[in-house]
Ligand SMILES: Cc1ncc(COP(=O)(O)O)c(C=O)c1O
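As structure tokens, one chain now follows by itself in the form predicted alone.
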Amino acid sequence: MSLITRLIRPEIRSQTSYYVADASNMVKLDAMENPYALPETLKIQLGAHLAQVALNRYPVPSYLDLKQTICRLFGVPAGYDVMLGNGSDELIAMLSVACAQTGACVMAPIPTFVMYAVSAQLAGLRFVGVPLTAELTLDMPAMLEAIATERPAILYLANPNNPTGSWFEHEQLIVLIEAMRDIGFVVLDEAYQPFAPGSMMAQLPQFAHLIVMRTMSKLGLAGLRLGYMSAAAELLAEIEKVRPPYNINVLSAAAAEFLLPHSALFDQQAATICAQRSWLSTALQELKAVKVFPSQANFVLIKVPNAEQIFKKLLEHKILVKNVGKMHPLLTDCLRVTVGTPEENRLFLETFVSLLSEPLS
């Protein structure tokens, strides 16, 4: 028996690494990124700002200035702090480690963001997925039954949900949060909040077991790998104990501190993306062979016959979308299309329409 077989946990050996497709020379519509670069004048100013960063020094471990900026700009309730992560992925991993007691489980409606299950399993937790309805909405009776039966340590609710774009109503979320009282923590993942009609951030003071998580990635700063979450001070203090020291590098912190006061720019870009989302969804709905699911995120999920073949044909035309058909049975024959620039969206639509009329088999 090799050292790898003997020492690496079986559940690790059975997994595959997180796959990221090569997007070189592609119209990149697969990763829910903001397609707009910073204005040239802002790039120059940012470069000058970053040139002053002391790369020979560790970050200030409290990240106080950056956290205060986030709290001020993003509606964190008075008296509440935030914890920073190297993307939301690291925050999810911290939560898994902190709650990894023997027999504990993590729960989420599925399909959803894959890292909830991956991080749980890496930490030795069970993951319990509760399928959405055929229309990709919450199955409330099934969710409530699963909560009562499994009593999860953590319930993740991505709103809007990835990869479906589904928006879960405020009233439904409150019912689930109430059901989790005295059972476990509820993590409301608002990664796509810039494109959504609401937020639960203001509800934090009502629920000591609620955590609201967000990221800078969808806002337009995916390269910074910066996420944050807020919760009651007592809860954040416990999770702080598993946060790696200096987990946010000095360049990411300095760039965020400089760019976040320009939030009006990112708000304008988000509004443009939402308008393009509506345009793209409407255009796709006019195609008889295509089912378009409602989305409140910066992408559109569509169901189309021969999705695998269309995905490959799009690649041949240098257009990269996400083929999610194998993620879950509810997503069979589904493609997830990030909303790009108007030019990218038109190119995708024209190519997609032409492929629908071609014999693909």
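Here the structure is a predicted model, which means the values were calculated and not measured. Residue numbers here begin at 1 and follow the sequence given.
Only in words, not in the display: the form predicted together with the ligand, which the text now covers.
- In the predicted bound form, the ligand sits beyond 4.5 Å of every heavy atom of H209.
- In the predicted bound form, no heavy atom of L301 sits within 4.5 Å of the ligand.
- The closest non-hydrogen atom of G87 lies within 4.5 Å of the ligand in the predicted bound form.
- In the predicted bound form, the ligand sits within 4.5 Å of a heavy atom of A191.
- Across the options 253-261, 113-121, 136-144, 169-177, residues that bring heavy atoms within 4.5 Å of the ligand in the predicted bound form belong to 113-121.
- Site annotation in the predicted bound form: the residue of V82, I273, L219, A158 reaching within 4.5 Å of the ligand with a heavy atom is A158.
- Among the residues R243, R225, R151, R126, the one placing a heavy atom within 4.5 Å of the ligand in the predicted bound form is R225.
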